[in-house]
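Taking the form predicted on its own, here's one chain by itself in structure tokens.
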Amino acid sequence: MKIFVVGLGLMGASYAEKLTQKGHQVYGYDINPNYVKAAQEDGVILDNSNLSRLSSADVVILSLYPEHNVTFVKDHVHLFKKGAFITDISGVKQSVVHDIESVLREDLHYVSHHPMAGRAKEGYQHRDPDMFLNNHFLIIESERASLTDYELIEIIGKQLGFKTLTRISVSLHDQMIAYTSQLTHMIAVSLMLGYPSESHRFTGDSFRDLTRIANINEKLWTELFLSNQQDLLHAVDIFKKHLNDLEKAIKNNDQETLMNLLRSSREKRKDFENDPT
């Protein structure tokens, strides 16, 4: 297939390199000309890549920030090949999917997806075509999508190396991601904001593991947090409730309740580790 990747940062470049390895003709574009030049020199994308190649691409993969994915489609939809398949990797879906679907031509196909993989560092230079191995690939359900559309995005997910491919509704996606991704980043950031700078020698693996994702892209994550405000605040309420339960047990010297809470956490973690998916 002829595939056009929009955005050659960490994720887009990793997609492009892996799909090139799979034998596809991969074109790419980025607002940063240095990324485009490096990707061409490294063989990640074809040498003759430029925006005019959109008109011959069978598949267009949008790997910009969510709002920029929408803007790109609005500005370039007239260049898309008739019958082309469009997808995006945005970390929030409700607003993005609606806005993209509203501007697509009737002859274009579209299914959004979310690769549950990433790195703490950003940029083309940190790309890794194997970063998707054994991770999860979420496919967003849409009334616009046909069985053939779902089959195509599943082929792409499998070729990238994802372990599981799961179809999920737009609303459920944003609810779950609020808790499992956005909330965890909030917690990591909160831990770092309260971290005494003179305490380096008192940290161990637990603190390093919990704060790894605090090395955060503030522009992207501000957009993700605010775009999913309602679901994220609900996730915060759930977290605060359980944190308050622990705090109360400690304040009251309630050994039995505290042990029950810790035991429940341990059992849930065991179930999580043993989940075959």
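A quick note: this is a predicted structure, and the numbers were derived from the prediction, not measured. Numbers follow the displayed sequence, beginning with 1.
From this point on, the text means the form predicted in complex with another copy of the chain, which you will not see here.
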Indicate whether residue 166 is a 4.5 Å heavy atom neighbour of another copy of the chain in the model of the complex.
yes
I'd like to know if residue 218 sits close to another copy of the chain in the model of the complex, meaning any non-hydrogen atom pair within 4.5 angstroms.
yes
Using a 4.5 angstroms cut-off on non-hydrogen atoms, would residue 143 count as touching another copy of the chain in the model of the complex?
no
Counting only non-hydrogen atoms and a 4.5 angstroms cut-off, does residue 237 reach another copy of the chain in the model of the complex?
yes
Partner-facing stretch of 101-109, 146-154, 171-179, 71-79, counted where any non-hydrogen atom is within 4.5 angstroms of another copy of the chain in the model of the complex
171-179
Contacting member of 38, 214, 46, 54, with respect to another copy of the chain in the model of the complex [4.5 Å, heavy atom]
214
Residues in 207-234 close to another copy of the chain in the model of the complex, defined by a heavy atom within 4.5 Å, in order:
207, 208, 209, 210, 211, 212, 213, 214, 215, 216, 218, 219, 221, 222, 225, 226, 229, 232, 233
